[in-house]
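There is one chain below, alone, in structure tokens, taken in the form predicted on its own.
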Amino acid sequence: MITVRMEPGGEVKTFAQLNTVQQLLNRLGLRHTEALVIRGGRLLTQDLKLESDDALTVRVVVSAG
């Protein structure tokens, strides 16, 4: 089970099966330019593989300017 904490807001979502960061972003309805995906303090690119026990943070990037 992959656990995702959304920021801002703190909502927690779980997913049974995802292979890549891009699949996660697709499932969340986000483009890779709209969010940062973080695992263990490291930023992940959309091509990286996910593990079944991952705990991720997805930080939605808001541009104001």
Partner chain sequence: MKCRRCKVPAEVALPSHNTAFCRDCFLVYFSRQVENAVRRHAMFTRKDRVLVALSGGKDSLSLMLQLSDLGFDVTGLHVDLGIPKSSESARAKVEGFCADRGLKLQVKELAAEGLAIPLVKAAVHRPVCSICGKIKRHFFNKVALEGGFTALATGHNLDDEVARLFANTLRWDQGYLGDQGPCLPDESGFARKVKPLYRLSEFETAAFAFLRGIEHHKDACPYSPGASFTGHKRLWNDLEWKSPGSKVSFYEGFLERGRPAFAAQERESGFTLTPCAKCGSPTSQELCGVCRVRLAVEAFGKG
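Positions refer to the first chain, counted from 1. Bear in mind the structure is a predicted one, so any value in this text is a computation, not a measurement.
Just so it is clear, the following notes concern the form predicted in complex with the partner chain, a form of the same protein that is not shown.
- Taking the partner from elsewhere, residue 62 is found to have a heavy atom lying within 4.5 Å of the partner chain in the predicted bound form.
- In the predicted bound form, none of the heavy atoms of residue 55 sits within 4.5 Å of a heavy atom of the partner chain.
- Though the partner is left out of this view, residue 45 does reach within 4.5 Å of the partner chain in the predicted bound form, counting heavy atoms only.
- Within 4.5 Å of any heavy atom of the partner chain in the predicted bound form lies no heavy atom of residue 27.
- Residues are counted as partner-facing when one of their heavy atoms sits within 4.5 Å of the partner chain in the predicted bound form; in 8 to 22 these are 8, 9, in sequence order.
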